[in-house]
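For reference, the chain that follows is the form predicted alone, supplied as structure tokens.
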Amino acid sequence: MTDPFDPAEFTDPAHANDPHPFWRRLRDVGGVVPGLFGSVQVVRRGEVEFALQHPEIFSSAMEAVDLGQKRPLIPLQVDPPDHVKYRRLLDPIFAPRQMAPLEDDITGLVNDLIDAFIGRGECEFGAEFAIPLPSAVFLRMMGMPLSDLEMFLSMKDGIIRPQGTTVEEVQAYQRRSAERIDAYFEQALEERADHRRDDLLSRFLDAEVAGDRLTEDEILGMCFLLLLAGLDTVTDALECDLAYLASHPGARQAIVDDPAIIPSAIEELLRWETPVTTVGRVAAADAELDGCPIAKGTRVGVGLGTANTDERAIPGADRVDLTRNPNRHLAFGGGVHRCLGSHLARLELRVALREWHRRIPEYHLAPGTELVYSPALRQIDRLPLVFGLP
């Protein structure tokens, strides 16, 4: 962290559309660079992996990221050893063998969405496909009616994309949104107290951790995290994937010609277009990383996006190879806090790309479109697509 670097550059919107040159420059400065408000950013692959694999030093507790909630997001904001008992409960629920039976249902949802706009020859991909697909899957798993979708999206955006022009206004907006989320799930749990259903909420009510039933606070912490993850990250990945393929007809045609490459294409696009570019940690003890002293209590941003394109660790990191193998990307994080829903996300992405290219093999960006990406979560403001060749 010896070279001069202005942390204000992290908020420069000029980096959002194509962050790779900025990330490359960060890595050239060092494995750790100054961040905003006294934080530090970990940006090289080796240092990022170390931070992810050592929660005793780089903690994921509530102090790392305050989203306005009253309780930790379980299991993300609970470190070992307590973290283990929650993963033992949740990992089997989200294991590949539990996700596989959902494929037919997801396939039906994908084709229903396509049916609604394919006849028009165009769509706004985010609003008409990328947002409703993972949201519908989440609501069905949780046992919530699809009619509540707009309310769920509003609550989620109130946490991830809060309104306000000052830190205080943003935090107040997040707190109000968190209260709405808690109130919704408290009512849902009350409805299932005496009448279980075939959904995740009912399973949580009957589940035990280390011989004890989950408390309401624990269940609410799980629901809060599942809401944020289930309604946003797959949407962001779908938008970035289709934007890339619409802008790179050779890559699009490769998928059309050989759908068998879809699984590896998904992994490569997750690497290149990492949806969650940075995850938050807080130093649980005084530490040193790449020669940089990090004081206890310092907020630490762990750069998944820049680690995924670090030429020091990945051959050909600066180019997209849809058949790359192996592909040890960190789009789902790493260590004990690796993304709980990664198997479900991969299933949704695989089915979506397979069915989309089966039915709409040719598409391009609507004429005059200028894509606008957000700087944190890699999300696109609007993605209008026109079917057929330009």
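These figures come from a predicted structure and were not determined experimentally. Heads up: residue numbers just count along the shown sequence, starting at 1. The term rigid core refers to the maximal set of C-alpha atoms that superpose within 1.5 Å between the two forms.
The same protein also exists as the form predicted in complex with a small molecule; that form is not shown, yet it is the one meant from here on.
Stretch-level contact analysis of 162-170, 146-154, 270-278, 101-109 against the small molecule in the model of the complex, using heavy atoms and a 4.5 Å limit, identifies 270-278.
Judged against the small molecule in the model of the complex with a 4.5 angstroms heavy atom cut-off, the residues 260, 353 and 363 are out of contact without exception. Heavy atoms of residue 332 reach within 4.5 Å of the small molecule in the model of the complex, making it an interface residue.
For residue 117, no non-hydrogen atom is located within 4.5 Å of the small molecule in the model of the complex, even though that partner is not displayed.
Within 4.5 Å of some heavy atom of the small molecule in the model of the complex lies at least one heavy atom of residue 336. Remark: residue 94 counts among the residues lining the small molecule in the model of the complex, judged by a heavy atom distance of 4.5 Å or less. This chain lacks the partner; the member of 123, 229, 219, 289 within 4.5 angstroms of the small molecule in the model of the complex by a non-hydrogen atom is 229. Shown without its partner, this chain lists 139, 255, 225, 240 as candidates; in the model of the complex, only 225 has a non-hydrogen atom within 4.5 angstroms of the small molecule. After superposing the rigid core, the Cα of residue 272 is displaced by less than 2 Å between the shown form and the other one. Once both forms are fitted on their rigid core, the CA atom of residue 204 lies 2 Å or more apart between the shown form and the other one.
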